[in-house]
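In structure tokens, one chain follows: the form predicted alone.
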């Protein structure tokens, strides 16, 4: 297993390096921050002082070197907007994203296991066809459309839920959580249903039934355990997608997570905070991918053998 982990870390390091370099280059394409932070009446001397104070008057290679040094020490400089430590701002915003993504995935897995297992246990029944139709609809629904419709119906028209923010009771979680939940829930119901249909028709299930095992033990003790690897793999990939997809949801609902921080940083050309936020997100996704592969390898020896030397 240590060899497997080492190989996965090495093979995944190159995409992380590409992200680190890419965010530096793309941030410079958002425009000149001096035009945003200085008044229209600013003199050339004021502009030169601003660029010198923030290191933007240095050649790009020198700026890149300073950025790479900051990557290894988590020192990305200070925010142009607030003057606060950029890495600190990113690290303070990230728990809000993780809380939202984690709660979403727990609810999605729990609901999908119940509904997907029930549909597989009664194949071609009315409940199976209904769950298939609803899960396909949910999996096809764009997050931003559901978010806009949710705000329009439940916040603006009915007035039941707040439109944005995190101040208040549990009601502030409802719309952001449902918006993120609906697509992974639909995908996981399909995956659980397919894996369970295959598992329930396997020879070991017939053997268990012939030995007098209860249906509960057959479903949850035998079939579900063997159906778990593909479900966990897809759930892991969806979790990575949730961290990325939170950018849209956090912006719409004003959720103070890493996605909203990125959008604000792009609009304000706050290079230091943008670079710190992207790096924190990329490292988290990198670690999640390693964890997903590790869990999958623990459950299936064929995965360990498939990793090239």
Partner chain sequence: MAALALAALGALAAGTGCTVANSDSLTGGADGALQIVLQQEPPTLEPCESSLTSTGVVVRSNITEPLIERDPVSGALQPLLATEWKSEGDRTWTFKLRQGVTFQDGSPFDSADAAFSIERAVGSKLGCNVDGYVFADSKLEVATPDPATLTVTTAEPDPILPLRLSFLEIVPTGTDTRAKVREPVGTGPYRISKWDTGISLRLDRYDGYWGAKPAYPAVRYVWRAESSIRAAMVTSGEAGIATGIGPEDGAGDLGVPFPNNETTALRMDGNVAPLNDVRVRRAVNYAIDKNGIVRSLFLKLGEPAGQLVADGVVGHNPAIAAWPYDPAKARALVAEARAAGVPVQTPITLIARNAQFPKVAETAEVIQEALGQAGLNVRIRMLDTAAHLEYQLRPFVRDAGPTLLLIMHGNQAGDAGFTTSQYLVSDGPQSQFGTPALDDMVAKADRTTGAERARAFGEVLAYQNEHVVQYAHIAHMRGLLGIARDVRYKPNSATTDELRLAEVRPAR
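Positions refer to the first chain, counted from 1. Keep in mind the model is a prediction, meaning the values are calculated, not measured.
The same protein has a further form, the form predicted together with the partner chain, not shown here; the description that follows concerns it.
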For this session: Kindly confirm or deny that 231, 242 and 289 each have some heavy atom within 4.5 angstroms of the partner chain in the model of the complex.
Result: no
For this session: Could you check which residue among 164, 226, 99, 198 gets a heavy atom within 4.5 Å of the partner chain in the model of the complex?
Result: 164
Seminar exercise, completed: the partner chain in the model of the complex has a heavy atom of only one listed residue within 4.5 Å, and of 145, 160, 72, 204 that residue is 160
Problem set entry | Contact flag, residue 62 vs the partner chain in the model of the complex, heavy atom cut 4.5 Å | no
For this session: Would you check, heavy atoms only and a 4.5 Å threshold, whether residue 121 touches the partner chain in the model of the complex?
Result: no
Exercise. Can you check whether residue 280 is within 4.5 Å of the partner chain in the model of the complex, heavy atom basis?
Worked result: no
Problem set entry | Proximity of residue 217 to the partner chain in the model of the complex, heavy atoms at 4.5 Å | no
For this session: For the heavy atom contacts within 4.5 Å of the partner chain in the model of the complex, list the residues of 52 to 71 involved, in sequence order.
Result: 53
